[in-house]
Structure formats: structure tokens, C-alpha cells
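This document starts with one chain, in the form predicted on its own, laid out as C-alpha cells.
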Amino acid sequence: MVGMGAMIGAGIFVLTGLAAEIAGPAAILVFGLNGVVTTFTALSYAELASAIPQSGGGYAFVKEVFAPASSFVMGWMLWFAYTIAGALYAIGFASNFVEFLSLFGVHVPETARLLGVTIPVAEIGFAVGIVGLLAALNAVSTSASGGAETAVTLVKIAILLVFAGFGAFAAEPGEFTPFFPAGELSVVPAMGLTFIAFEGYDLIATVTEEVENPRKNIPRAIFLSLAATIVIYLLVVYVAIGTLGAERLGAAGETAIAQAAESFMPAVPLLGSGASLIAFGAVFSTVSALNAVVLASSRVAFAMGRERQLPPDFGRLHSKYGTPFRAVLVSAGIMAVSVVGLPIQQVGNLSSLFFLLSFVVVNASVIRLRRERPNVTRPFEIPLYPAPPVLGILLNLVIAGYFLVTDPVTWGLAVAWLAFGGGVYLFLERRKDQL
């Protein structure tokens, strides 16, 4: 549920129309190909998690395989990526929640002027509020946050399956011709745009030490969550294109799934139209995705604090609650500040870039661990090794290169953030030597 909750966020609701605008009916191929690319790296995560059952995910793996400086860079990228992804999900929740309320005639003051500046008070207020609520839940009880994740994820899966079930009878195969109206290469930029919808299975490995029999259950959870998510995505995209058509779907943009639902779904008791059901599902999707990254970002910070690569207080468990209390609060605090003060779309691209680069390093870690420590116990081993991790490295670099061509500012920000991290690392290392 952590993996599916993180992957099935607002992405499938808002990115389907944008992918159709770029690639036409081939948008369904875009989601399928991204699933294949993701599977290569998922295999690496599964093998490493079975061999190195430690919390922290990719950071823990790199720490075991590479030098301390490399593990710090990995943890620094992941902590940032998860935290900023949390800010994105919080804003997504706020905008969807405002839209959901408006469908029932509840209108909140969306903006206000302060010192001559228009501020989206409703969006900021709801976003900061949901971050605070989920941070409190994660700070006092891991089991409670896990239970909430399960409940919310089940609700949104049910909504998407209802959408797919009704739509299967309304979809027209003729809407998929011509399949490549913009050419075969149009799938590449669409893959770069939608890749963020497949980030999330990696969060499973961040909570390894809180799972029973992690050597067996972490790989199993990675594969089950990824397989189920890919199937749900393909069903939803097929129905959306088959009912609304790629051209109208692309024109609808971020509201494409809601408009598709409006075209064929009957009224839903209590909620009303199909669009209301999709808006309700989008609210639940962003809540579960946000809860998952609050959990994951705090565990990366906890693992780094335990290794003294962040302040040691991050690496301590609360004496009463048994949770990484300070790591949760600091990670959530950064999310809340990011909601208010950062250019979210640009930093969101930066978050995706760091995920891609971290996946490259994870695939490289599998290869290095096989070479240097061949006798390590590996309850799960990658089939057809070394082809999957090599393909994972190459394909993730190709998608990362998409950002270099289309958004060089993102790469500039990435270099700046890593340079700042280098200063933090040197400062903490000097403090270690002094102690």
C-alpha cells in the first residue's frame, strides 16, 4: 500500500490528458513503456533490499557499496526529492480539495491580497494543514500512518476500477487510430513528462526495518505494487482515450479524466456526477501519496542521522512513540515551507531528475555488490543479470537527458543543490573530526 499509494498519486489524473496531447492514442504505449523502464530498476531495488535489509532505501544500499561521500550524495538527493514531492502532493491535494468543494456549492476565499501581492490562501492553507496532519500521524505512530495509507489507497483504487469498469463498455477501439498522429518519437517526451507517475515503489525499501521478514516481503511488495499499478494505469488510459478520444483528451489537459468520466459514468450516490467521483479520487490520491513521502523522507533522514551524515538527533527514535520523531518533523517542516515559498513546478522537475539519477546509482550498486561481494546472501536475485541493471542505467539516463534538452535550468538547479550538499557534508565531517 505504501508503494501503490505513492505511485497512484495525482499523476494518473492530471498527466493522462497531457500525454495524449503529445503522443495521441500512443499515450497508452507511453505508460506501458514507462512501466518497463521502471521494472528494470525495481529488480535492482528488490535484490538490494533482500541482501541489505536496512531502512533508508537507496541511501542504505549505496552506503554499503560505495564510499561515504557517495552515500551522502545519494541520501541528499533522495531526501530532497521525497520532500519536494511532498510539497507537490500537498498543493495537488489543496487544489483538488477546493475543486471538490466547489462541485457541492462550497466556495472558499481562494485568494487574498497582502502588500499588493495576490496570495492563494486557500491552496496554501489546505496544503500546510494536510502536511501538518500527516506529520503528526507519522510522528506518533507508524502503525497508524500505515493503516491510514492502506485505507486511503484502497478507496482510490476502487474509484479507478469503477471508472475502468464502466468505461470498458463505452470505449471505442476506433479512437486509437491513427496510433501515432505525431510520429513514433513523440512517445519519448511524453515518457519524460509522465515518468513521475511511476515513482513510489522505491519508498517501500525506506521502511525495511519496520517490516516483518524484510528479505522476503520487501521484494514481494515491490513487484506486487508495481504490477498492480501498471495494470490500473493501462486500464484507465485505455478507457480515457477510448471514450473521449485522444484529441479531446489532450485538449482537456489536467481535467481529462474527469471529463471522460462525465461522458459515460452514471450519477454516483452522495457524490453526484462522474466528475465528482474523479475529483473525490484525486483528493484521496494526493493524500496517500503525501503520506507515503512523509514516511519515506523521514526514514532517509533517520538513516543519514544514524550515520552522522545529518545531525545525530535525526537518527534517534522517540522514547515513547518509537518513531524517528525529529526526522519526521523536520522533513514535514521543509515540505510546509516549500509549499509557501518555492517555484513548485520547476522544483518538481528537479525532484524527478534526482529520482532518475538515484535510480542510475541503485542499478550501479547492484553491479558493484555482485562483483565485490559475490557471497552475500541474496534471497532474491535478478534474472538475466546483468542485462536488467545495465538497461536500467541506460534508459534512466535517456529520460534524464530529456530534461537536459528541454529544461537546462533544472540541471543548473541540480548542480547548485549538490554543491550546497557538498558544503554541508564537509561541515559535518569537520565536526566529526573535532569531536
Partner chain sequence: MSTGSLDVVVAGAGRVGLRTVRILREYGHSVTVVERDRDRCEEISDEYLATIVEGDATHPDTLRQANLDDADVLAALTGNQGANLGICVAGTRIAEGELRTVARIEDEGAESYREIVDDVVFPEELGAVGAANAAIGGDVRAFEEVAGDLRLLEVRVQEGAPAAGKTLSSVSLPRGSLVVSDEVADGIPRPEMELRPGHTYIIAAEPAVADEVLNLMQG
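Superpose the two forms; the largest set of C-alphas matching within 1.5 Å is the rigid core. Positions refer to the first chain, counted from 1. What you see is a predicted model; the values in this text were computed from it and never measured.
The same protein has a further form, the form predicted together with its partner chain, not shown here; the description that follows concerns it.
Student: Verify the contact flag for T377: yes if a non-hydrogen atom of it lies within 4.5 Å of a non-hydrogen atom of its partner chain in the predicted bound form, no if not.
Tutor: T377 belongs to the contact set for its partner chain.
Student: Would you please decide whether E199 lies within 4.5 angstroms of its partner chain in the predicted bound form, comparing each non-hydrogen atom pair?
Tutor: Judged by the heavy-atom cut-off of 4.5 Å, E199 is well away from its partner chain in the predicted bound form.
Student: Taking its partner chain as it sits in the predicted bound form, is Y321 near enough to touch it, meaning that at least one heavy atom pair lies within 4.5 angstroms?
Tutor: Y321: contacts its partner chain in the predicted bound form.
Student: Although the partner isn't part of this model, could you tell me whether F93 comes within 4.5 Å of its partner chain in the predicted bound form, counting any heavy atom of the residue?
Tutor: Heavy-atom contact with its partner chain at 4.5 Å: absent for F93.
Student: Which one, 382-390, 406-414, 52-60, 28-36, holds residues whose non-hydrogen atoms are within 4.5 Å of its partner chain in the predicted bound form?
Tutor: Checking each option against the 4.5 Å cut-off leaves 52-60.
Student: Using a 4.5 Å cut on heavy atoms, which of F354, Y233, W79, F302 is close to its partner chain in the predicted bound form?
Tutor: Checked against the cut-off, the match is F302.
Student: With the partner left out here, which residues of 61-94 have a non-hydrogen atom within 4.5 Å of its partner chain in the predicted bound form?
Tutor: Contacts from 61-94: K63, E64, F66, A67, P68.
Student: Once you overlay the rigid core, does the Cα of G75 travel 2 Å or further between the shown form and the other one?
Tutor: No.
Student: Determine, after fitting the two forms on their core, whether T323 shows a C-alpha shift of 2 Å or more between the shown form and the other one.
Tutor: T323: C-alpha displaced by 2 Å or more between the shown form and the other one.
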